[in-house]
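Heads up, the chain below is alone and in the form predicted alone; it's given as structure tokens.
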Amino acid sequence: MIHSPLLQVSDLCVQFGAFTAVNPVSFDLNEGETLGLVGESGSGKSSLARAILRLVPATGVVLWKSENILACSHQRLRRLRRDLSIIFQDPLASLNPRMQVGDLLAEPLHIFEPALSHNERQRRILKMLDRVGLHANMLTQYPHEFSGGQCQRIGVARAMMLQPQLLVCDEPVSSLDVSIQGQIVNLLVDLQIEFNTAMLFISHNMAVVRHISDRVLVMYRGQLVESASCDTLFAAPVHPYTRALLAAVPVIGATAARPSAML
């Protein structure tokens, strides 16, 4: 039995005044799949991600289970949002500094599952907090009391609280130490498998993208220039820009083979 993609993006464009951030872009994302989106800073990756979730104005078609997110009413969009979640690049800036961790994690439940009892809500919060490697005694603390890695774990817990079907990760580890990056990436992989969540993972770190992705999209100056399975793209990149990105990755050992750079 052939299933339709969970997310279908067609001719998506994002424009800020006279500046075009995203030219017509089209791609699909399947249930439980991780789609890596790579490109240098300013290539339009974040604008594309925000447009998909209707966080910035855009034109085109974004079908979520065959329903156009860009055309639905605000009331309908609000209901759809329980299945759509995002993790931002700056873990501290993405958390309300005036809210305790417990309140940050409770907010999605208050909005989308108001009938939950207080005890059930607390049970789910504590379970998710433990799932991301944090402790119950952190519930009454504020974001500024944590490290960047801990704040991102809180962000992951908040994003996954409703077990969304789509998780957009917008450079979620780029501001973290290398040792912490691996922990957060592995946490995301584990949660994705556990909840069968489709993931759009945005990064300029090719090693992280290679580790986590099933397929990879390459973006350059607002356009998608290459799309391939992860193994194919890293073994035999076609577009010169893709080859340049891979050639820029540091290689240990002088004799290691590298793709030729873009001329």
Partner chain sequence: MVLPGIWADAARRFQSGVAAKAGLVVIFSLALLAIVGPWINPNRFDALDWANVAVAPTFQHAHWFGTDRLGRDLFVRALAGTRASLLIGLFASAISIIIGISYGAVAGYLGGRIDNLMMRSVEILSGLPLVFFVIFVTVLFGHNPYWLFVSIGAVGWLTMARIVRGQTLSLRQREFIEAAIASGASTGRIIYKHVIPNLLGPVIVYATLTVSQTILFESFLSFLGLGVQEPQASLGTLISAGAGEMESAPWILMIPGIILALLLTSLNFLGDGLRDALDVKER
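Positions refer to the first chain, counted from 1. None of the values given here were measured: they were computed from a predicted structure.
What comes next is about the form predicted together with the partner chain, which does not appear here.
Although the partner is absent here, residue 81 is a contact residue: one of its heavy atoms lies within 4.5 angstroms of the partner chain in the predicted complex.
At a distance threshold of 4.5 angstroms between non-hydrogen atoms, residue 126 is out of contact with the partner chain in the predicted complex. Using a 4.5 Å cutoff between non-hydrogen atoms, residue 107 counts as a contact of the partner chain in the predicted complex. Using a 4.5 angstroms limit between non-hydrogen atoms, residue 192 is distant from the partner chain in the predicted complex. 99 is the sole member of 116, 136, 99, 71 with a non-hydrogen atom within 4.5 Å of the partner chain in the predicted complex.
Each of 94, 111 and 144 comes within 4.5 Å of the partner chain in the predicted complex, counting any heavy atom. The partner is not shown here, but in the predicted complex the stretch 47-64 reaches within 4.5 angstroms of the partner chain through a heavy atom at 50, 55.
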